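A lone chain, given as structure tokens: the form predicted alone.
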């Protein structure tokens, strides 16, 4: 088991957002958290990263408890996080952004270099000297993922990675996520794009008002039009 979220509750100040949430993610598995705006998807990822305080439950990563650690310690343990806002360094070049994320390889996690990143994402290669702030939205998303990969994580958290991207770029993102699974990496997505999410994921979870409403395989959810209509339809 790569990531185990056990009965967690969390929120912002007195406002609780997550209620007794359970979720598991295995190595080499892609899993997605689905739900409407405000359901608690992003809060779940931020809680794993110790960016939102935990008020109950436990979080385990690679067999070790991490909910009492700081964000930098969790990242150093091998957890990669790409926030919804991407947070690239706009005034630095693409290459400088990648170098900013570089860490030495550790454990059994895939090892990434600039050359390997450019092979995985060839559209970034000719942009190496470009200021990141001048890139398109899709290019910035790819750079945000690439910079995180330079830290050699064994588990990757992606918050709304397809938001605002053109369909062709979403297809590239889907290919990227599947490639990472082939590397043995665990990937946890928080998404609203149901079609994209179920196309790339092995397992799926639906959150509504901070509570788990469904947990199963992506195929099972594809066959449950009633659940998608109740919890995911806009």
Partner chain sequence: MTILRVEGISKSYSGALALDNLSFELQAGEIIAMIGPNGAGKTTCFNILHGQLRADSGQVFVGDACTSRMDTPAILRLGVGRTFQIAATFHSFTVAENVQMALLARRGLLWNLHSQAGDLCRKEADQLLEQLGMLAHAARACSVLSYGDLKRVELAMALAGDPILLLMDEPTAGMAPRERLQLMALVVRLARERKLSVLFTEHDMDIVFAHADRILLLEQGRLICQGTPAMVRADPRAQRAYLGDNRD
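Residue numbers count along the first chain shown, from 1. This is a predicted model, so every value here is computed, not measured.
Another form exists, predicted together with the partner chain; not displayed. Remarks below refer to it.
Colleague: Give a yes or no on whether every one of 19, 38 and 194 sits within 4.5 angstroms of the partner chain in the predicted bound form by heavy atom.
Modeller: All of them do, each having a heavy atom within 4.5 Å of the partner.
Colleague: Of the listed stretches (58-66, 24-32, 172-180, 185-193), which one has a non-hydrogen atom within 4.5 Å of the partner chain in the predicted bound form?
Modeller: Comparing against the partner chain in the predicted bound form, the contact stretch is 185-193.
Colleague: Heavy atom to heavy atom, is residue 8 within 4.5 Å of the partner chain in the predicted bound form?
Modeller: No, residue 8 is distant from the partner.
Colleague: If you apply a 4.5 angstroms heavy atom cut-off, which residues in 39-71 are near the partner chain in the predicted bound form?
Modeller: Not one residue comes within 4.5 Å of the partner.
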